[in-house]
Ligand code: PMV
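For reference, the chain that follows is the form predicted alone, supplied as structure tokens.
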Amino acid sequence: MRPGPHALPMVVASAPGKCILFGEHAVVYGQPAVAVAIDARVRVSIGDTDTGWSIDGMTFDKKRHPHIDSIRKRLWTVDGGEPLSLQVKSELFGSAGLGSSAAICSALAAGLLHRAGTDAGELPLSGIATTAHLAEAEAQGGRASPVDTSTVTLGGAVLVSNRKEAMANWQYTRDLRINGQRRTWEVHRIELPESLDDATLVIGFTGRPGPTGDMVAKVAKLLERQPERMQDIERIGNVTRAGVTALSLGSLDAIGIAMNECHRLLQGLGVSDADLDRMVEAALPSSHGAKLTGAGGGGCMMALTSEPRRTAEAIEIAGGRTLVSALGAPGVRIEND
């Protein structure tokens, strides 16, 4: 799409971060995963400039920002087109597995489409999610699931599976060729009942990034040495499906039980660590359930609670930094329409 005339008003778009409620690691092996959007957001401001592409006041370097470079190539005329000034502000913990790069991609895609003339109320969500997913895959050497990009774009609660699931509302199919093999995912929305409106997620950050690639490789090596441990992967899939049912019914206790069981299974796969386990244990007395979220080995945990202040204090005493969120925030949007 070609940009419009000079001196257009600045566009501000935002997208939420995300937490994985159930299914991390198992999703790599074809099992379902459930993620929820969280209240903390990434905002991307897009404005005119006379000095060439820039981000946060510095000259744009596509090697430092491959995700952004991929988005602008797909949605903006780079050669001969108008350069833009980008400002990125994030409320998320950095490198913590909360989907910050996916949120940047989604917000930037929405902002560019709006700047090019798409009405804020008519943003093509599946197209934005697809563009963001392709950008993530390109930046990660061809490997990326659509869990993060779909969740931050659609908002609410999202189920991603290798098949269409009757227990959720199917939205679209995503596919990607990885190492010559085609991977396909089915993306669904989970409708959260009003009884969950008062539910709160307290997210605890260890202060250390979660090394996703290392943790995925660690699980792969474990399964290679002990193929019988694939049963644990299948159990995580079963827990995830039970968790979807619990979410749909609005049962906080059942959601918590599924979270606890998922954490136990992830511990068995060796992806939790002492900091995450300590924070999970600290949260449990005041929570319905608690578990690590994301790759593990650092990063974040989360607790589902009706007592957010008490739970946050317990996690902080155990050494974590906290964010508090409702269960399922709005997806990508234009802020200044």
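What you see is a predicted model; the values in this text were computed from it and never measured. In this text, residue numbers run from 1 along the sequence as written.
Although it is not shown, the form predicted together with this ligand is what the next lines describe.
Residue 212 versus this ligand, in the predicted complex: is there a non-hydrogen atom within 4.5 Å?
Because a heavy atom of residue 212 falls inside 4.5 Å of this ligand in the predicted complex, the answer is yes.
Report whether the minimum heavy atom distance between residue 97 and this ligand in the predicted complex is within 4.5 Å.
Judged by the heavy-atom cut-off of 4.5 Å, residue 97 is in contact with this ligand in the predicted complex.
Distance check, residue 27 to this ligand in the predicted complex, heavy atom within 4.5 Å
Although this ligand is absent here, residue 27 would touch it in the predicted complex, with heavy atoms inside 4.5 Å.
Answer for residue 32 alone: is it within 4.5 Å of this ligand in the predicted complex, judged on heavy atom distances?
No, residue 32 is distant from the partner.
Looking in the predicted complex, is this ligand within 4.5 Å of a heavy atom from each of 41, 206 and 324?
The answer is no: none of the three residues contacts the partner (heavy atom, 4.5 Å cut-off).
The single option of 145, 85, 118, 248 touching this ligand in the predicted complex, heavy atom within 4.5 Å:
Residue within 4.5 Å of the partner: 145.
Option touching this ligand, based on a heavy atom within 4.5 Å in the predicted complex, out of 216, 139, 233, 222:
Only one listed residue qualifies here, and that residue is 216.
Given that the partner is absent here, state which listed stretch (275-283, 63-71, 49-57, 291-299) has heavy atoms within 4.5 Å of this ligand in the predicted complex.
Looking at the other structure, the answer is 291-299.
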